[in-house]
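Okay, here we've got a single chain as structure tokens, the form predicted on its own, with questions on binding and movement later.
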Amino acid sequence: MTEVTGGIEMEEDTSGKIKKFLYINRKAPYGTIYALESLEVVLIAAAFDQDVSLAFLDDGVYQIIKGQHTRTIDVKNFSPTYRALEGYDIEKLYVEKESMEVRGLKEEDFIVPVKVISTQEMADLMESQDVVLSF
């Protein structure tokens, strides 16, 4: 059975099979709702026992940097929420190496442990998923 939810056509899975979901984060953490919406959707998917992975590319790498101060822009700093992902069994977090390096970041700049992978490895990761959602 095919279902359309939020403009996304999905096949209903009645077998109970766990699907592999990859959420790609490409936007800076503030100024749009993409980062916060992605985080909320990731937590929902994990609550349904799906195999969830997160990838950070382009300006999305800024979502997980340490030391975010949002008081001057008058929005809540939601970056500490990324530390809670492990409690939801979300432990597969990937950062594209090229996005990280172009922005002058290092692996130790991130608030959570990540696996840094190349652009080609990121493409391979996307290819191996059942569902890929980009925010």
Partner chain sequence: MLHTVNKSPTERNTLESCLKHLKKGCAVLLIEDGVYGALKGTVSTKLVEQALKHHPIYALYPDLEARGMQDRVIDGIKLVDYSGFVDLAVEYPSVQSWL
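Positions refer to the first chain, counted from 1. These numbers come from a predicted model, not from an experiment.
Missing here is the form predicted in complex with the partner chain; even so, the following discussion is about that form.
Where does the partner chain sit in the predicted bound form: which of 81-89, 35-43, 61-69, 48-56, heavy atoms within 4.5 Å?
That would be 61-69.
Does the partner chain come within 4.5 Å of a heavy atom in each of Leu93, Pro113 and Ala123 in the predicted bound form?
Spot residues vs the partner chain: no contact at all.
Please determine whether Lys97 contacts the partner chain in the predicted bound form, using a 4.5 Å cut-off between heavy atoms.
Looking in the predicted bound form, residue contacts with the partner chain do not include Lys97, since no heavy atom lies within 4.5 Å.
Only counting heavy atoms and a 4.5 Å limit, does any residue of 95-121 reach the partner chain in the predicted bound form, and if so which ones?
Result: Glu101, Val102, Arg103, Gly104, Leu105, Asp109.
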